[in-house]
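Here's a solo chain for you in structure tokens, the form predicted on its own.
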Amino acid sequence: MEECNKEISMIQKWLNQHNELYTSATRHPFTLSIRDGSVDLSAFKRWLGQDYIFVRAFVPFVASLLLKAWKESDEDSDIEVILGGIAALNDEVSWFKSEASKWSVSLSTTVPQKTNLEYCRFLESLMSPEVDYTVAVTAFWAIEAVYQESYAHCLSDGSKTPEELKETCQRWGNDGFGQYCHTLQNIANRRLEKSSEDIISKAEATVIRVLEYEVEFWNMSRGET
């Protein structure tokens, strides 16, 4: 069993097992439409307003993760990695405000849609002290990884991403953010290797739920219910 763990990480095992769902989240018609230049700009504006609401809920989740790392992590460097994520979120909130102004999206009057409310409630549930650090940090990796893979694809060879959307894609699709997601994945895998079957099972279920919510969020952005 130990030899198998060295050959393939727990997260890679899950990605293989749930490849169809992971692909649905990272190669969704919404981001593919950005890549091929056919995106409906009203859908992009809808995503912009809804994601701003989500990011504001994401901040306290990452703050709670920092507290869990302080209490439960076996590596001091985890705190620095998560703290870096919080610092980046401060810049991200400012970016959303600037981008919304550019696209004439009124953030103050944007109402969270049902899918967004449910996803934010799910995030809040992960903030509970009863949720193990390993489960929470694995969820953090999954949320970030979906955006990184989705938007990096919009910048890869052969893309026809409109010029006015390239800055958005660059925000999550850049190599630096890709390296950050890889670091989070390493943290999650390290924790999973030392975890009980119960924690591993809960972490896998949480990743599946994150991927399902990401697909639903993209659907919502396209105006689908």
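From 1 onward, residues are counted along the sequence shown. Since this is a predicted model, take the numbers as computed values, not measurements.
One more form of this protein, predicted in complex with a small molecule, exists but is not displayed; see below.
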Quiz prompt | Contacting member of L89, I79, L126, A100, with respect to the small molecule in the predicted bound form [4.5 Å, heavy atom] | solution = L89
Practice problem: Indicate whether the small molecule has at least one heavy atom within 4.5 Å of a heavy atom of L41 in the predicted bound form. | Solution: no
Quiz item: Does the 4.5 Å heavy atom contact test between Y22 and the small molecule in the predicted bound form come out positive?
Solution: no
Quiz item: Does the 4.5 Å heavy atom contact test between F58 and the small molecule in the predicted bound form come out positive?
Solution: yes
Quiz item: in the predicted bound form, does Y133 have a heavy atom within 4.5 Å of the small molecule?
Solution: no
Practice problem: Name the stretch: of 152-160, 183-191, 22-30, 48-56, exactly one has residues whose heavy atoms fall within 4.5 Å of the small molecule in the predicted bound form. | Solution: 48-56
